[in-house]
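A lone chain, given as structure tokens: the form predicted on its own.
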Amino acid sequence: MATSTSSKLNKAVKQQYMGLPQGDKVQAMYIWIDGSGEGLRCKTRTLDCEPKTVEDLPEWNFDGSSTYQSEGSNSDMYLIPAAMFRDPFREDPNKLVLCEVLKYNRKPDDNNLRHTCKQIMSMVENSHPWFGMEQEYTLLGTDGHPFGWPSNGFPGPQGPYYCGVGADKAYGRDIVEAHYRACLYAGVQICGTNAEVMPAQWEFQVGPCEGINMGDHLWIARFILHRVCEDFGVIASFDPKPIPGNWNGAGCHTNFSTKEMREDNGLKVIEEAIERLAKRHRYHIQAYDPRGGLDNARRLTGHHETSNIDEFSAGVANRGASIRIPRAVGQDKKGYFEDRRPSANCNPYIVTESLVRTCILKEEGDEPTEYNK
């Protein structure tokens, strides 16, 4: 199995240095989304004392011409701290700092979808929108081949791998366990994990998170996964259909509810929201992957537990529908629904924003409504 050379470095030697005292200084790793809309970048600075809130963190900058975010002739971009987590790699008192990106004129970068999401979430605070996102991903060797698969062939067909146990069924559990514990340490609202249907494919769940926190926590969970995989010498892929053919793709099923939906007779509110979603299918498909639906077209075929990308559907306990109402919700007449359309590489800020726009703000049409700031 092709693993990176860096993973073979002696980790015990590294630990000798990581155990050295750092005095009163704090290392803050600033993290941001690059111009691809999918990639994460990071760099570290030293602080004189431990920050207690995001407001204690200074702004910073970076060279946007090297991250697909600006021209070389005017390349400085601003990093604005937005959310702070404990650092599971350097440990306390060090921090992970998720940042928004501003251009040279201090306007949001084109891929700074957090900026608009936060505005929309502030408009619906009284509805208390809750989200839970189920992040599927695939472990690959550095050669791009799925981790643990035969080098010149395929493993046995799907069936025994979902929530499987055993060396012939679960490929890469060490990575999953390390990621789970690192997220808990960091303060990420991770709530579960399991092996998925395709071998070398896994899922972790984040939530429930309210409003803007959903995007913040999922992006940091993704960052931590990439860093854990780096230590193990493998790659975490969020490609919605990493292996063509008779293999499951990878999504990011999004569970959503409002205060009204969670209260008695909330099922009526859920059904009304689904009716609005049905009329706005095209808008959501465009929002649910970074390429306006092109990535999801490879996954949403109507097979392998997916709906057809061109058709909207909904049903109780139906994993082949666009929207699934869990059976317990149908019985209790209240709760939440699951949107199964978002791709594994979706941007959680635009996914959660679009659900709020359609279900709470009751927008219509293929374009988002512009509001006065």
Partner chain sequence: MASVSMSSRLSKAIRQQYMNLPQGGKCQVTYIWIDGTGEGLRNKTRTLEQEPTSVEDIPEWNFDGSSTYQAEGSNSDMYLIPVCMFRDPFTLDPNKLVLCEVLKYNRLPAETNHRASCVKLMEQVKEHGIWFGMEQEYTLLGIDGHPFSWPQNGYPGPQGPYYCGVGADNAYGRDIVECHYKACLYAGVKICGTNAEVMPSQWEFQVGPCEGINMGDHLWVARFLLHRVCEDFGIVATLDPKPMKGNWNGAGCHTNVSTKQMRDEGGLLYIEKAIEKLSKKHPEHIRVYDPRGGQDNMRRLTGLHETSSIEDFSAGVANRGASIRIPRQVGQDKKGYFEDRRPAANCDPYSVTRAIASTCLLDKEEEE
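Predicted model, so just to flag it, every value in this text is computed and none were measured. Numbering follows the first chain given and starts at 1.
Another form exists, predicted in complex with the partner chain; not displayed. Remarks below refer to it.
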property	result
Which of 61-69, 340-348, 327-335, 310-318 lines the interface with the partner chain in the predicted bound form (heavy atom within 4.5 Å)	61-69
Exercise: residue 301 in contact with the partner chain in the predicted bound form, heavy atom 4.5 Å	no
Any non-hydrogen atom of residue 25 within 4.5 angstroms of the partner chain in the predicted bound form	yes
Any non-hydrogen atom of residue 21 within 4.5 angstroms of the partner chain in the predicted bound form	yes
Non-hydrogen atom contact residue 14 with the partner chain in the predicted bound form at 4.5 angstroms	yes
Residue (of 90, 281, 262, 169) lying close to the partner chain in the predicted bound form, criterion heavy atoms within 4.5 Å	90
Contact assignment for the partner chain in the predicted bound form, among 185, 162, 154, 104, heavy atom within 4.5 Å	104
Residues from 20-44 in contact with the partner chain (non-hydrogen atom within 4.5 Å) in the predicted bound form	20, 21, 22, 25, 27, 29, 32, 40, 41, 42, 43, 44
